[in-house]
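We begin with a single chain expressed as structure tokens, specifically the form predicted alone.
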């Protein structure tokens, strides 16, 4: 082997290792931000995205950790003569949009599919994976949601791992750290292999709806998946519906609490330019967010279930434990034994929605939970 070939080979190897390390350093806590789909769907425009970025930068969300501003489906136009993807008339210059988001101190996300078409029928990345990855990097994209959709028309589902790995490799070759979000609805037990194909998060369920029944079915259905989550790789039960109007205040507080205990990505899905103070307060609960963003990176687990009453717990880095008490029926007392949380003797309890220390308790704690509501506490010795 000549010295020139050896040098080129070593340079390529160094670049690959550096890119892989950069990719592995992102999403060390669950990503937080906003996504356009739940509220705007295919009506989204660049102006809506700028409005979301403006709101996040001004309303306290940026300081709370919401940094990703993500365009979902329906931004794509046609490909040009060179095969490069171009945005449609609702978006125009995507690099200018990314620059606008970056100027706010935020990060920019985008959406595609490994199939010929996206879920809404727009241009996908099939046979253009390398080209699209380079385009995204040139635009300044920081986050890619990659939705299976029409990929079933060109690939057998048995190849789903290789298909997602193909885009992972293309993203790595750009040299730009880009959060890689796999959207494949939990198919083929994705939690077992999502990390291996480069996923920073992977959808474990079908799409969420702005209904209590949908939210609780998805949220409480994550029991048992905690073994597969951790820094850099997270189970994703889909985006937040808080503020879209389909649930009560107690139900939205439950929604936020479940996602925080699950160490799930927190991607607001409402119109942030019209968010009410009450809904914004739910999204901005710093003590709940701290549970979600805890550096230990442990997904919460179900401690007990008695019909509609459930207790979930999430161990935290400082040795404390976050505990959620839920009632999916009426208003009921819900109890936890401290020994089930790993504590003996006297235990301190703080309510994270009331932002209030409740005192010291021994043996057990009983929370009085409203219908479709939650009590979230942190306990420590």
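Residue numbers count along the first chain shown, from 1. No experiment lies behind these values; they were computed from the predicted model shown.
One more form of this protein should be noted, the form predicted in complex with a small molecule, which is absent from this view; the next part is about it.
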Flag residue 37 as yes or no: does it have a non-hydrogen atom within 4.5 angstroms of any non-hydrogen atom of the small molecule in the predicted bound form? yes
Since only the chain is shown here, I'm wondering whether residue 142 would be in contact with the small molecule in the predicted bound form (any heavy atom pair within 4.5 Å). no
Wondering, does residue 255 line up within 4.5 Å of the small molecule in the predicted bound form on heavy atoms? no
Residue-level contact is defined here as any heavy atom of the residue lying within 4.5 Å of the small molecule in the predicted bound form; does residue 271 satisfy this criterion? no
Heavy atom within 4.5 Å of the small molecule in the predicted bound form - the one residue of 251, 294, 279, 73 that qualifies: 73
May I ask you to choose, among 111, 136, 234, 108, the residue with a heavy atom within 4.5 Å of the small molecule in the predicted bound form? 111
Would you mind picking out the stretch of 224-232, 111-119, 286-294, 95-103 that comes within 4.5 angstroms of the small molecule in the predicted bound form, counting non-hydrogen atoms? 111-119
